[in-house]
Every structure is written in C-alpha cells, then in structure tokens.
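The chain below stands alone and is given in structure tokens; this is the form predicted on its own.
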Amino acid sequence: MKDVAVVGVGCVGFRPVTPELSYKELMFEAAMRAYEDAGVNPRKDIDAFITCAEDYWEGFSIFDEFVPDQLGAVLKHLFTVSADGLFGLITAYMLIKTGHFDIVAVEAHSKASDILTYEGIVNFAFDPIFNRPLGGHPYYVAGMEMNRYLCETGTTLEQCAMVAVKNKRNALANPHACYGANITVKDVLCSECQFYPLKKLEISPLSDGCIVTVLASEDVATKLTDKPVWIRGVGWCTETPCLETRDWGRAVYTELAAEMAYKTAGIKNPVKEIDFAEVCDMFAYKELQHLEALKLCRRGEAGNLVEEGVTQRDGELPVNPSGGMLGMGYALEASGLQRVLEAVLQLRGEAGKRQLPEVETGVVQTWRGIPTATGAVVVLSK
C-alpha cells in the first residue's frame, strides 16, 4: 500500500462569533483555499469527500445533505464522520490506502456561536439514568478529573496555570487564533474558579471556523506539491463512556491511540523521534495529561516540563505553538484539524512568526470532549 500525504490545507477563522457568515460560507471559503493550495479541481480531481459533523451541533438531522454544494461534491462519494475532524483525516487516509481513491478532501467546521443550548447538548450525551439527572453544567466532570489528576501525579495548580499562559501567548503570533493574551500565572490563578479547581482562564472558549484538508496517494502527492506532509501513523480509541468505570487520573484513550499510531509509524522512542506536539488543551490540565499519555514524558513529569520551559516554542519539545484550543478556541468537531493545520504549516516551514526551527516529525492528538473518552493520534512528517 502506498503512502498518503496532506497536500493542501485551507482555513477560515477562528473567531468567537461570525454573524456575517453562514456555516455554508465558512465551508466554501475554506474549501476554495484548500483546493488552491493543493492545486486541484474538486469536480475533476477529488475522488471522495468527508465531512465531520454531529447532528446535535448542527441543529438538524442528516447533515451531509447540506454539504455537497459548497465543497464541490455533487454526485461524488461523500462520507459523514460523526466525530472530531482528526477521525475524518484518518478515514480519508484509510480510503486512499485501499487503492480505490487517489485524492480525498476532509472538512470540519464549527458554528458554535449559533448554538443556544450548548450546555444542554453536552448534558444530553451523559448516561440518562445515572448521570444526566444530576444536572449542573457538564464541565463539573473536568473539575473532578483535574482534581484526581493533580492528586495522583503531584502536578501543581501553578503548573496547570503555566499551560494557559504559554498557549495564550503563543496564540498572539497565530492569525487564526482569537484568544491570544499576554497574561501571567497570577492572572490565571486569580480568575474565577468555575469548576473546582478549574479556573476560568484554564477553559477553552468556543469559536467559529472551518478547516479543509486535501489528502493524496504517494504517486499523486509528489506530482501536486514539492512539500507533501506524510501521514506516518494513525491511531484511535474510544474507551468506556461510563463515568463510574473510567480511570479519572489518566487519558487511557490517548495512551491506546498513541500506541497504535507509533506502531504504525515505526516509532520506538517518542521522546527522541518527535520534534513537536499539537495536543488537545480544552482544559489546561488536559495538555499535561495528554503529553504523558503520548509517552513524551513519564507520568507526573509533564508539569515539570512546562515549569522548566521545555514545552515553550523555543524549548526542546514545543507543545501547541499554535496556541492550542486555549488560544484558538474550542471549535467542536474542527478542533482536531486545528492541530493538523498547525502541524502541516510547521513541517512546510510556513508558520510565520511562530515557525519552529528544523522540525521533521510532529504528533497531533485530539479528544472529543466531555463526557467522552474518545481520542485520536496522528504522526506527521516531512
């Protein structure tokens, strides 16, 4: 089976609100930018399309009925993946690996500003008998998990706050990030405690935007671009959805997904072979938990890495140079492709002010958010 590469990316956003653009316009603009970047014509060149959408976020059923026009996918193969955009990327990778498709486009978007009942939709994902009747904002789960993680690993509140400081400062150099800020650890620790011990500045706000990526088989990719970004390994996992039976101190879903991705990529020592990471930081402590699950450090060491500056843009292992979700915003199903976008730009050497020097391989990780234990990992290389 031939290798697969990302040959084009297009992005619109990310912003807190986009009243002047419908979700269709977001998708159209992102798609046109991706197709221009890849040098392809959707009607002639692209064999299949994937949209990553959840009907509950969109507000109506069978969302893929409303997708073909703005992507150029009329009368073409169109697949819906009701999961984070990174799962859509993995699906496209596997479609091309079958040998039946040469070029596949993947779309994921967020129009979170249109959602009037975000809290209610998330609560609807809880177990209807044991958990949903408890009520309250669903982020209480994050507060409980953070408390357990700190207890088991010895990570401090200050180290978690440093993640928010780092990522929001990184976002200042990212034109696609809308929540960049020059803040201090004290600012974070003094912000409102919303879900003990989780502070307001440690929670990723919602954002609108869209990302489209174009993937191609090895033969086609080398003809389309001289800067292909190769997908070396993929992994995914959905662990138990039950709050009562999960491990509250570890991101087991990422541990298993990373094990699969590293095996596919032939990576034996992630610490030495991975140059940078783009990981889910929906909540600040999650970045630390995910770094440990990705085996980029030992359990309980991630907080020390942040404190010592190892994960800064100029550190030995840059983490979330894009600003992460704390800087770009939580973009629902587009969150995973936010991470892919940054990784592709870094590996191409096109990240502008935030460009990392001499990077060859990056790892991208996503988590689908509360209350799931669903995650995916992709290893990208130039």
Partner chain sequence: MSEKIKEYPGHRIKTADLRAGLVPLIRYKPEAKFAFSAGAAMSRFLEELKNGRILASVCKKCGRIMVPPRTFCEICFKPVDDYTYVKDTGKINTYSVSFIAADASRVKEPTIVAVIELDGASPGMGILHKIGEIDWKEVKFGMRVKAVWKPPEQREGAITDIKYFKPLKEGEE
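Since we're looking at a predicted model, the values are computed, not measured. Residue numbers count along the first chain shown, from 1.
Beyond what is shown, the protein has a form predicted together with its partner chain; the following relates to that form.
Participant: Looking at E65, D314, E350, D69 here, can you tell me which has any non-hydrogen atom within 4.5 angstroms of its partner chain in the model of the complex?
Facilitator: None of the others qualify; the residue that does is D69.
Participant: Residues E20, K24 and F124 are flagged as a possible site; in the model of the complex, is every one of them within 4.5 Å of its partner chain by some non-hydrogen atom?
Facilitator: Yes, because E20, K24 and F124 each have a heavy atom that approaches its partner chain to within 4.5 Å in the model of the complex.
Participant: Name the stretch, out of 339-347, 352-360, 314-322, 26-34, where some heavy atom lies within 4.5 Å of its partner chain in the model of the complex.
Facilitator: Going through the listed ranges, the match is 26-34.
Participant: Does E301 make contact with its partner chain in the model of the complex, using a 4.5 Å heavy atom cut-off?
Facilitator: Looking in the model of the complex, residue contacts with its partner chain do not include E301, since no heavy atom lies within 4.5 Å.
Participant: Is there a heavy atom of W57 no more than 4.5 Å from a heavy atom of its partner chain in the model of the complex?
Facilitator: Heavy-atom contact with its partner chain at 4.5 Å: present for W57.
Participant: Using a 4.5 Å heavy atom cut-off, state whether G120 contacts its partner chain in the model of the complex.
Facilitator: Yes, contact at 4.5 Å.
Participant: Is it the case that H109, even though its partner is missing from this view, gets within 4.5 Å of its partner chain in the model of the complex, heavy atoms only?
Facilitator: Heavy-atom contact with its partner chain at 4.5 Å: absent for H109.
Participant: Residue by residue through 112-138, which ones have a non-hydrogen atom no more than 4.5 angstroms from its partner chain in the model of the complex?
Facilitator: Result: D114, I115, L116, T117, G120, I121, N123, F124, P128, I129, R132.
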